[in-house]
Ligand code: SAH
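Heads up, the chain below is alone and in the form predicted alone; it's given as structure tokens.
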């Protein structure tokens, strides 16, 4: 029988002892041979989950126009690097480029697209979707210069550590017979994401040194707090976290406060969080929907309206998902964050 990631993890635990939740997430999502994101396209109806750019073209269009307006605010530098972290299929970037190409051709001419992606499978798809761009494994490889950065549902997939009890013991994953099992119950859990904080700090340093702005959209509470938010999703349904490692998506709530603190400590100015509903409405999603509907057939109209509701309704993605913005220290307040 062929080796699986479960076999590798069990052998590792037998050899070295229990592993952290962060090590487990890193292996499940990024193992070169078995990692969830390394071998497949997980997005859309035929995948395991659907993200905002796949739900409605207006999402990427509006984020592109956010970048265009921000570029105008900071003096229209040329070139300017348009960067996306974790671009998925490339749908968001493609919609953004199309929108700014029509609305502000000068911005489209000035921008240089860069994508941060470690998955060979997704890079192949992105190259077909976007075309001309530059790919990097991490943001340290980006060239120096003014940067406009987008990150949608990127930080929620970064490895987290979990700590339990008054003495804040790290929650680990070991073996119960032949099965993976947590070494501590899910009581009084505090989660941290050092990887996310370091990336936020790196973005802050870049914006402080070279100017620009970042827009980060993800899901989680507005205020930091305790709780077990680690979850697995497979075939558009919740899945046991420790079953079939590498075959399901793993995510956790994003600590927006921690990201803002890390970026501010690195020299950036931070704004938010605001709800995704407020972000998109302030950027004009209702106007865009009204422009799309008259030119669509009945089935398309239904898809446009349902996509809008899914992105903005309070019982859908509207309030669970939130946005923060980061800018250089002397930049004006970015679009949608001036209340």
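Predicted model only: the values in this text are computed from it and were never measured. Positions refer to the first chain, counted from 1.
Beyond the structure shown, there is the form predicted together with ligand SAH, which is absent from this document and is the topic of what follows.
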Of the options 182, 256, 71, 154, which one has a non-hydrogen atom that comes within 4.5 Å of ligand SAH in the predicted complex? 154
Which one, 212, 245, 204, 88, lies within 4.5 Å of ligand SAH in the predicted complex by heavy atoms? 88
Given that the partner is absent here, state which listed stretch (234 to 242, 95 to 103, 258 to 266, 79 to 87) has heavy atoms within 4.5 Å of ligand SAH in the predicted complex. 79 to 87
Using heavy atoms and a 4.5 Å cut-off, decide whether 51, 122 and 158 all contact ligand SAH in the predicted complex. yes
Is it the case that residue 116, even though its partner is missing from this view, gets within 4.5 Å of ligand SAH in the predicted complex, heavy atoms only? yes
4.5 angstroms heavy atom contact with ligand SAH in the predicted complex for residue 34: no
Might residue 137 be said to contact ligand SAH in the predicted complex, defining contact as any heavy atom within 4.5 Å? yes
